[in-house]
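Single chain ahead, written as C-alpha cells, the form predicted alone.
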C-alpha cells in the first residue's frame, strides 16, 4: 500500500510539473506586425506588450513582433489581418478610410488638435470608443489608441508660408484628407509605402514628407532633407487591432489578462511618445543635416487658414456628425 501511495504521488507530481511545460511548448502565438522601427514609440510599446503578455500568462501566450515591414507593407497588412495571416496590428488611423471606415479620417484633419489634452478627450472618450466599435463590421476589433505624435514637414527648401509648397511632390499616407491637405497649399501628394520613403527622398522621386519627429529620425529621413518645419499641423496615431474571430476564440481568462496588458502598454506608449519625439528633434538638430524651422504665430495661422479647405472638402466624406463631435471636444473653430 505504501508503495502504491508513493507511485500515485510520483505520478501526480510528474503531471503537475509537466503542465506548465506543455503550456510553454504549445503556446498561443500572436503575430504582431508593424511598419516602423523597433525603437519608435509604437515599436517600443509593441515590445512592452509582448513582455507583459508573456509574463502574465506564464508562457501560455507567445507574442512574435515583426517591425519595419518585415511581414507586410502598409497596403498589405490590413488584408493580412482580416485573413488571419497575422493576429495583431497597430496601423495608423489614416489606414481605415480605404477599408470603408471613412470616419477615422477625422484624425487626419489638419490643426484639429492643438495638444495631447485635446486629443485624449477624443481617443480616451466616447467618440473614440464609438469609432473603434465600427471596426467589428470588418471582422476586426479595436483594443486601444496609441499616440505617435504631432507631425512636422520636411523638404529640401524652407517651408514657412503656404506658397512654399507649390509644385512640391509630398509623400502622404493613403488618405483623402491628407491629399486635400497637400493640395490646399499647392503641393502634389504622392501616396507611398512608409518603407519606401527614404529612398524616394534620396533619389528625388518625392521632394518632402510629413512625419512625427521619431519616424523622421529613426528612418534617417533627416539625412536627405535639408529643412524640417516644426508645424505640428497634424496628428499621427495608431489603433491596435486584432482579428475578431481569433480574439473571441481565445480562452476568456487569457483575453482578460491580455486586455490588462494592453491597458498598461497603452499608458506606456502614450507616456513615451512625446518624450521620444522631443529627443528625436534634438538628435536631428545635433546631426546638423537638417535645419529646424519654427513658424511664427502669423505663419502658423496662414497654414491653418489655407488647410481649412481640407476640413470643408471632407466634411461629408468623413461624416459631419463625427467631425462636429470632435470639434466640440477640441474647441476647433473653422
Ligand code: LMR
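Numbering follows the first chain given and starts at 1. These numbers were taken from a predicted model, which means no experiment stands behind them.
Keep in mind the form predicted together with this ligand is missing from the figure; the text below concerns it.
Among the residues 92, 154, 123, 175, the one placing a heavy atom within 4.5 Å of this ligand in the model of the complex is 92.
Exactly one listed residue, out of 96, 107, 238, 217, brings a non-hydrogen atom to within 4.5 Å of this ligand in the model of the complex: 238. The closest heavy atom approach of residue 280 to this ligand in the model of the complex falls outside 4.5 Å. Although the partner is absent from this view, residue 222 stays clear of this ligand in the model of the complex, with no non-hydrogen atom inside 4.5 angstroms. The closest non-hydrogen atom of residue 74 lies within 4.5 Å of this ligand in the model of the complex. Shown alone here, residue 150 lies farther than 4.5 Å from this ligand in the model of the complex, counting heavy atoms only. You can rule out all but one of 113-121, 162-170, 209-217, 182-190: in the model of the complex, only 209-217 has residues with a heavy atom within 4.5 Å of this ligand. Although the partner is absent from the chain shown here, none of 45, 50 and 146 has a heavy atom within 4.5 Å of this ligand in the model of the complex. Contacts between stretch 30-44 and this ligand, counted in the model of the complex as any heavy atom lying within 4.5 Å, involve 35, 36, 42, listed in sequence order.
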